[in-house]
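In the block that follows, a single chain appears as structure tokens, in the form predicted alone.
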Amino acid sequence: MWYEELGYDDNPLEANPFRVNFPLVNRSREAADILYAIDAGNMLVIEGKDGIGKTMLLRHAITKHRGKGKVIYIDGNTVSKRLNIESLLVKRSGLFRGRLLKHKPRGMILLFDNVQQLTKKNCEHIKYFYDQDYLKSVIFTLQEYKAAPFTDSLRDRIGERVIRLRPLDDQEAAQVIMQRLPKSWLAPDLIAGILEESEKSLALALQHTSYLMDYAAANKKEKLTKTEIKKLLRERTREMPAAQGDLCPDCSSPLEHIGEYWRCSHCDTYCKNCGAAVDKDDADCPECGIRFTTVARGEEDDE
């Protein structure tokens, strides 16, 4: 690997904050505000563009509460719209108390990263479990609060508690990359070009830089030009995969939007009238009350 050739054991440009342990960059005040919101039992929103440090702040909060067994972290970019908040709480109680007795622990801290795909039903569940003290505190991250899929009642719980992160300026972002790669051939002017192609996203700039380092090592290039960097990164951007939120995480089939739910016709058993999950032996839907004439996985017919 390119970083081994430079004397590193691991990739110093890793963008996932859960795989690295780099310090926060100019975010100490925001980190303190988040910890205060958790201790006070509040809901809070962290707003900012992709790649400017929202997830890093959540990782910091997790580190501060490590060992207490009270934190649930969800990355909305990696989960399906089938996500069920209640099931996450039930699982935290273990096999017997949770799955068999449906027990839910109290005083949990929910850190919900990238909530762009949050459904109305999960908004209602989060509000309910927060009001009933199952969730002590909830921290959301997103790009734009005004466009968030929150219900009015959930916005009432959030109130004015919104942290708006400013992007790192070019000098600060370049400093982060240079600190991680003191042995690299990347000069400040080349890093400026990478930041420009990364739309000022530090996380994307780290990924792009790692890609360029790998390309240079594979092609035995001691240095890349600005023109080469621009060409390589624009080709890479065109090849990057789209988000997978509309696909079932179990079988990769397209999800069907029914009522307030997203269901997979191959993996879920649900009411085709309202989308609520049903047991194979149910004669009526537990939510809308409709009577089933037949009940089969994903193919219930109603009268």
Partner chain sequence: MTWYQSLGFSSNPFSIKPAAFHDELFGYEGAVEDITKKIAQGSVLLLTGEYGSGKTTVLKRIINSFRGQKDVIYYSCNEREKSIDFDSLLSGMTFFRRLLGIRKTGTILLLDEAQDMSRKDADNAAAYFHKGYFKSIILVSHKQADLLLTSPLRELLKDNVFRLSKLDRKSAIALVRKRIGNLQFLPDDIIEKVYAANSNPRQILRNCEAVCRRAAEDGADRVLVKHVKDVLD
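Positions refer to the first chain, counted from 1. Bear in mind the structure is a predicted one, so any value in this text is a computation, not a measurement.
The form predicted in complex with the partner chain exists for this protein as well; it is not shown, and the discussion that follows is about that form.
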Heavy atom within 4.5 Å of the partner chain in the predicted complex - residue from Asp214, Glu172, Glu196, Asp131: Asp131
Listed residue that, although the partner chain is not shown, lies within 4.5 Å of it in the predicted complex (heavy atoms), from Arg161, Lys231, Arg164, Lys221: Arg161
In the predicted complex, segment of 39-47, 270-278, 231-239, 57-65 with a heavy atom within 4.5 Å of the partner chain: 39-47
Within 4.5 Å of the partner chain in the predicted complex, all of Ala32, Glu86 and Glu124 (non-hydrogen atom): yes
4.5 Å heavy atom contact, Lys200 to the partner chain in the predicted complex: no
Contact of Asp152 with the partner chain in the predicted complex (heavy atom, 4.5 Å): yes
Non-hydrogen atom contact Asp75 with the partner chain in the predicted complex at 4.5 angstroms: no
Contact flag, Glu144 vs the partner chain in the predicted complex, heavy atom cut 4.5 Å: no
